[in-house]
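Next up, structure tokens for two forms of one chain, structure 1 and then structure 2.
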Structure 1
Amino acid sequence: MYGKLKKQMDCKRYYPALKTLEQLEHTYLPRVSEYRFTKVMYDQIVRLRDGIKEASMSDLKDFLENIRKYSSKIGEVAMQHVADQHGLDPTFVSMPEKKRKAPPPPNPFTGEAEATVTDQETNIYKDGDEELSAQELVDFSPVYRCWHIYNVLGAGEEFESYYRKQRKKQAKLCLQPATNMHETLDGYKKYFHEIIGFFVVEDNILHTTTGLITSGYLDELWEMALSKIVAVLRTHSAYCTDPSLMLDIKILIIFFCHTLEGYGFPVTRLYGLLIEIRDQYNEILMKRWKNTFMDIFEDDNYTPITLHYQAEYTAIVTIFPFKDEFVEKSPFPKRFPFSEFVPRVYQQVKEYIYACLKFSEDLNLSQAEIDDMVRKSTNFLLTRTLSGCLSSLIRRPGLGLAQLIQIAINTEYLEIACIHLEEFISSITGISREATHVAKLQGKSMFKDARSHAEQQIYLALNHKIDEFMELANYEWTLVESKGHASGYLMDLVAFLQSTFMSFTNLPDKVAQTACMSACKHIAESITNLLLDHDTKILSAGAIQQVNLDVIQCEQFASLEPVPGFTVGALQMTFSELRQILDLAMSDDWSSYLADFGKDRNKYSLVSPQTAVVLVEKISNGMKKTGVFTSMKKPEKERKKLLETVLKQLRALVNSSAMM
């Protein structure tokens, strides 16, 4: 019997050896207890029992060390099986195969190849692992052996405590990701494989042993792990800036969830995390689409699209919903009213919607939830990203008037197309846009605001261009007689305005009329400012006549209604104040001005006393400069006295007005 025991010990059959020890101790030795050698054997049995305990624990420690190394492979196989069940290529969830190292050279003395470390460690796996499930890959016999031995020895609690403590340490290790995990998809794969491998082993231990671990213990361990996993994924996914990588990470997380669900672990919090990551994914998309929109604006020529062939026309109307009978029936070359950025922007918004929808697949969301998400994301794209891009474009320095006009026209057609975007979303989500819960796209209001901004810039750009012409005005304020025709700068200005307003045909009537009215007012104010400029001290009769000729030219331009839709005389009214100033200065009708001041029927009602004072001072200085007062004749003396009297009365009028 003792020989049998020694043989079992040598073969590391510890559990049968323990049973043999029990038989020897309780059955055979009592029969020969009268002999002295039994005392020695009893002492030996105690040492042998301790040796079996230590040897089985040594095997367990080797198992724990190896299972830590190979958890990743176990998890990888588990994910591959689940991917295969769901019709996904298993290689997507697999780590790339490592290149095999060349075998070491044979021993020069024995001629035998030495075993590599990998060969020595693979004894944890069973043969033919290709067809086995993840838990079947592992030989759990060291755990079972040690568990049985410790139970037989009455040390089951000691073993249980040790096993759980070691596995908790290993759980913390596998839950700690590599610092660069977020850089590649393989980093996420390795992290998921190790976690799955750990819990596959624990699930198998739960179901194949009695009392070593319990469901409550495993649930508690999973909850701890789940909190850590959520925190890690939230942190590392925040570093990602590539939407394609984000989509792959999402798929990995979903199959990570499917795999663990198959073993009974709850993963609801991970699906909640995916909703958070989806929002981040949408933010990444918006940053990418911002660059796309800016590139489109940069490439555009801001002129209406001209089409020479039917194929070109079909290509545009296929991607952008535009219908116009006049354009359809007109011969080639046809012209669309908008530039190329309209169909390109519209198409990119649709591409963004597709990209948003891609992330929402397989997230356990209803069609209504997906529809709501897509509409909200599209609204963010329109009101934040595209709106910001349009605003930057409209404010871009050096943007010409023609470009601003085209932008205003473009935004009108994009606004009209918003209804088609809503229909497009409904077609891919299956939710009618008429449903009560459906959020409406805010693109119409956004494009309307952008157009309003562009229109304001049109008015400013037009006035700026007028200022450039006005800078060319070079009035000779001491001129004795006028040139007999309008100034050259003004003729050029009028020609520019005529050609500019012809390009307003595609703008809304109100915008074109406002721009025209604003331009005329600005011209009138600019000429008035030149007349009343404090740096100009002198104003001769010839200079006044020259300004009058220029204003007559402006009035004629206004009377021709360069933009249709004005009521009769409305545009000429913008020059009324300037006309009254010039008429008063040319006629010297100061008595009428003073007599009728403040009355309803006053033909100089738009001329303020302050303006009148400046005029009289400049005219008086002009008479001195030209030598009128040096050799005065009676009419000149009388005019001098008149102007002095008028100036006193006007100043008194200014003072009295200030006191009121």
Structure 2
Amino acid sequence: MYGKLKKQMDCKRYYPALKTLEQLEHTYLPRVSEYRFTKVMYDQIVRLRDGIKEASMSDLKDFLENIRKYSSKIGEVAMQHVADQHGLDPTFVSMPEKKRKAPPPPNPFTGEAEATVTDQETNIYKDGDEELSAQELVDFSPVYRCWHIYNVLGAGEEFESYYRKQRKKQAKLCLQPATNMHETLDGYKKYFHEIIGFFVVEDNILHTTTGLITSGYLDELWEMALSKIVAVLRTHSAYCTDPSLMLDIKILIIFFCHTLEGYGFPVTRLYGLLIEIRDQYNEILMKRWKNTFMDIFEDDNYTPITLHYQAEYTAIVTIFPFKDEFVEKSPFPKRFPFSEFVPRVYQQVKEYIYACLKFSEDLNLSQAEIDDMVRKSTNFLLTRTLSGCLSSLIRRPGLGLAQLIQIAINTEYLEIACIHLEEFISSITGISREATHVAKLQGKSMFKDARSHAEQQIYLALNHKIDEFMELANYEWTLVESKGHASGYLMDLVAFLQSTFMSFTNLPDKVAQTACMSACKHIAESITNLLLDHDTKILSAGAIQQVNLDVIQCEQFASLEPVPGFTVGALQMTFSELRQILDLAMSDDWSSYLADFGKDRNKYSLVSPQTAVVLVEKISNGMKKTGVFTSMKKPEKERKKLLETVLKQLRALVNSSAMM
């Protein structure tokens, strides 16, 4: 009997051993109770029972230790299986093949090849077919034996709590990913394999034991795990800046979900997380596309595209929706009004839309949801990324007029093409643009804004050129007599404006008009400022004459309609104030100025009293100075006196209008 017991123990047949003990205790020993050795036997039985308990526990501990190592394999196999079912190449969810065949390097001390760890530990892991399920992969008998024995020994609760506690510890370990998990797809695979492995094992325990764990307990454990997984994935995916890695991570998460769903674990929250990750993916795409747009702008030659052959023409109209009868009918070489960047930008927006869609595949989303997402993120791309790129392009210092004008023209054609982008999205998602809930693309208004920004910069760039000419102006404020012709700088300036408006034949009429108007205004203002500049104290009659000659040139320029489409006199109006100032200064007509001030019919209505004060001061200063060198003659003295009186009255006028 004892021999039988010993044999059973050695073969880890603990339950039969217990039975044998029971038999011994309850059937055989009572029959020999009168013998003294019976007492000894009873004591022995207690010890043997403890021994059995310990032995089964020790096996369980081995199991627990090993299962940690094999969980990952179990998870991998489960995931591969699901991938296969869904028609995905199972290697996508697998860890890369380890070089299993390669022998380990010899021990550096003994020079002998050592047995690999896996060789020693295959006792739990039945190798062979990769298609094996958890039960087939792993020998669960230590758990069953131990659970059974503890129950038999009335220590079921003790075991249950021990097992659950140990497994919870293990769950915590496998839920904590490697800190560099986000770096590679394999990092994510490893994490998912272990988690799946853990829950597959627990699911197996739930179904093959009675009461060791309950479905309530397992659900709770899963809930805890799910929260942790969501948090971990959220953190780690945030590090990712590579959209293609993100797409791969998405696929892994989906198969992670599918696998666990197959075991009945709810995964809805993970789909929610995927939507979050998708937003982040879109953000990454936008950063990428920002660089793409900047490169396109960098490469562009800001020259209308010229097409020499039909093939070139076709190549562009197939990627960019542009139909123009005039261009179509004109012979080669044809010209498009826009430069390269128009079709390239358009094409890239489409590429972005494709890239966006990629993430939404397999997310169980409705067409309407996908449509909404694509439109929203396309809007972001247009109104944030592209708009920002355009704006920094337009603001770039040193950008020439030619480029600014081309940019303004380009945005017009992109604006027109927006409608085709809408149609493009509809054609993919099947949701018509007219559907009520559909968000409209804001591209049109964005391009409109960019254009008006570019136009604004055209006016500024032109003004800047005018400023450069103004710096060459070299008025001699004490000139006795004018040179008899306009100043060189001004002739050059006018000629430059004329050539500019002649050259930029592609400038839209409206922009050309505004540019011309703003240029004239700027010239008038600049000359007025020179004339009234506080740093020059003197204004001689000759100098006034010279300025007058220059302004006559400007007026002529304005009257010759450098760009068509102005209403008669509109452009000359820009010089009216300056004209009145000069007329007043040249005519010495101060009495009229003072008498008519504030009246309807006033020749000098545009000249403010402040301006008049400055003029009279400067003119009178000029006289004073001359007095130092020449003895003033009588009429000069009288004129000087007159000017002083005029000045007094003008100052009074300034004061009274200041008080009003």
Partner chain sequence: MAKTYDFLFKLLLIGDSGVGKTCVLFRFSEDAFNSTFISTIGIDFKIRTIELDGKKIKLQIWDTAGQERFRTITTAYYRGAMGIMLVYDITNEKSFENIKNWIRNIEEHASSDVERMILGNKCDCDDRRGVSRQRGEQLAVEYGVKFMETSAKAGINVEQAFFTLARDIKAKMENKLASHPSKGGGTQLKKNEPQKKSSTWKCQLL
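If you superpose the two forms and keep the largest set of C-alpha atoms that fall within 1.5 Å, you have the rigid core. Residues are numbered by position in structure 1's sequence, first residue being 1. Please read all numbers here as calculations on a predicted model, not as lab measurements.
Please match the form predicted alone to structure 1 or structure 2.
Looking at both copies of the chain, structure 1 is the one that matches the description.
State the hinge position among Lys334, Gln457, Ile527, Ile149 for the rotation of one rigid part relative to another between structures 1 and 2.
Answer to the hinge question: Gln457.
Through what angle, in whole degrees, does the smaller rigid part rotate relative to the larger one between structures 1 and 2?
After superposing the larger part, the smaller part appears rotated by 9 degrees.
Please state the CA displacement of Gln553 between structures 1 and 2 in angstrom, with both forms fitted on the core.
Comparing between structures 1 and 2 after core fitting, Gln553 shifts 3.6 Å at its C-alpha.
With the core fitted, just quote the Cα shift at Ala612 between structures 1 and 2, in angstrom to one decimal.
Its C-alpha position differs by 4.7 Å.
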